[in-house]
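Coming up is one lone chain in structure tokens, specifically the form predicted alone.
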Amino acid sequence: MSSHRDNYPEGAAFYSVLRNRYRKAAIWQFLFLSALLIAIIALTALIYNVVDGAFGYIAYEYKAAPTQFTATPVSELTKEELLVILKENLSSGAYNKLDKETPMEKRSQADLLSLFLERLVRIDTKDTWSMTDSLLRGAEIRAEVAEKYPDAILELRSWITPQFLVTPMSSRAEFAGVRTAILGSLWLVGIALLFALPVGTGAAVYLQEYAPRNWLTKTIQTNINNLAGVPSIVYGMLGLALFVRVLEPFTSGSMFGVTDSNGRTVLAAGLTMGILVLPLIIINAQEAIKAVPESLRQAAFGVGATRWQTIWHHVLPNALPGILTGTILALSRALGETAPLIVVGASTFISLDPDGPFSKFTALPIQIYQWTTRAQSEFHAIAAGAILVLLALLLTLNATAILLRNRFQRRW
């Protein structure tokens, strides 16, 4: 009977087999590198497409010349002068409505200037161009504007500015901002966190530390894993049926004396987002608890600690970094969801900031969706700016997760 050594190739056959192995390794290395390059190209194209829409030329005209209201140049108007101009030229009804939303005396100079331009001067946008066209076809654009719109002002604009971040929604793209949408998104994430983190962590602790290993536990675990992949709109339908309709006295605030609201509130949407991310938090928390060495548990039991004392003083403190990291990444998903919010009843146009859990609301993904469906090119430009804001929030959450993991991670 010949041994394995007798069948091993020698001489020229050995080098042939060796070359074949290296050839296969090179092919796989090339395929993996190609996959990486495709991913980088796709992400770069996505980011460039968004940035391309957030900057560029805009041609606009004033429907009413600023000189009709003041002899002072617009850029030099003070807050006091703007207040006087608005009070004298706006109708009493319009002025009182604005004052009721936010007292005019408490508004900033930039906010009053926006009202002056929007309500009195009234900008009429003629056309917009992307960043690429503005850089490569600048001379053509200037000639085109001079021919088609001889009275228009042409300027190179960044649609994402500090003013864009602190201005509420407006029916005019030139004056619209994302403040209300950002606050709505933060309310949603906060409510989802308050609901999903303790419930998800508690469920993970029970499944991992207390639950017997039988068919029922395996069935529950399988269903949790499956729920993590359920389309988000299904959770929106669940939220509509449960939080908006069945629990309307609670989510509308009527049981607490609130009379100007219904079940389509930021509380209902936040709880829906909490259910959406709950399976993800449970799974991530279980993995973090599994990573705690069994020797720590045995050592605690050895000195007389109860199971709860072991979990509270040893397991959870060591699993906390992984739990927090998984929770933040799950909330990043909730921050970018749109379908459940549409079903639950997010507003597509609202200029009032949410001031409590029973307020009407919108969110950044809803605002982006609404702007992209408009026909005017200027709304597409501010949608690109809002996408950059949303990406910044998502990257901030992901960076926080990485910092928490690196700061508190323990190596065994």
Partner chain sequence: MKEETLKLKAVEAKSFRQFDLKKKFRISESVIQALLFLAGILSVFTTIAIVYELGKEALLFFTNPDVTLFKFLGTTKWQPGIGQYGIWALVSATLLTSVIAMLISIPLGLASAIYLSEYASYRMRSILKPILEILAGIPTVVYGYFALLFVTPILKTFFGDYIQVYNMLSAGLVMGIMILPLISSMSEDALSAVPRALREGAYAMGATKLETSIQIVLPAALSGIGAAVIIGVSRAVGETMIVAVASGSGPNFSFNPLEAAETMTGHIARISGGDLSYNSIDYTSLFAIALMLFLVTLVLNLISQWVVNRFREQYE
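Positions refer to the first chain, counted from 1. The model shown is predicted, which means the values in this text are computed figures rather than measured ones.
Only in words, not in the display: the form predicted in complex with the partner chain, which the text now covers.
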The chain here is shown without the partner chain. Which stretch in 204-212, 118-126, 154-162, 141-149 comes within 4.5 angstroms of it in the predicted complex, by heavy atom distance? 204-212
Given that the partner chain is left out here, which of Q309, T72, S170, S134 has a heavy atom within 4.5 Å of it in the predicted complex? Q309
Listed residue (L320, L98, A110, I342) with a non-hydrogen atom within 4.5 angstroms of the partner chain in the predicted complex: I342
In the predicted complex, M255 touching the partner chain (heavy atom, 4.5 Å): no
G336 near the partner chain in the predicted complex, any heavy atom under 4.5 Å? yes
Do V50 and the partner chain come within 4.5 Å of each other in the predicted complex, heavy atoms counted? yes
Quick one: is I191 in contact with the partner chain in the predicted complex, heavy atoms, 4.5 Å cut-off? no
Are L83, N89 and P354 jointly within 4.5 Å of the partner chain in the predicted complex, each by at least one heavy atom? no
Which residues, if any, of 267-297 lie within 4.5 Å of the partner chain in the predicted complex when only heavy atoms count? I275, L278
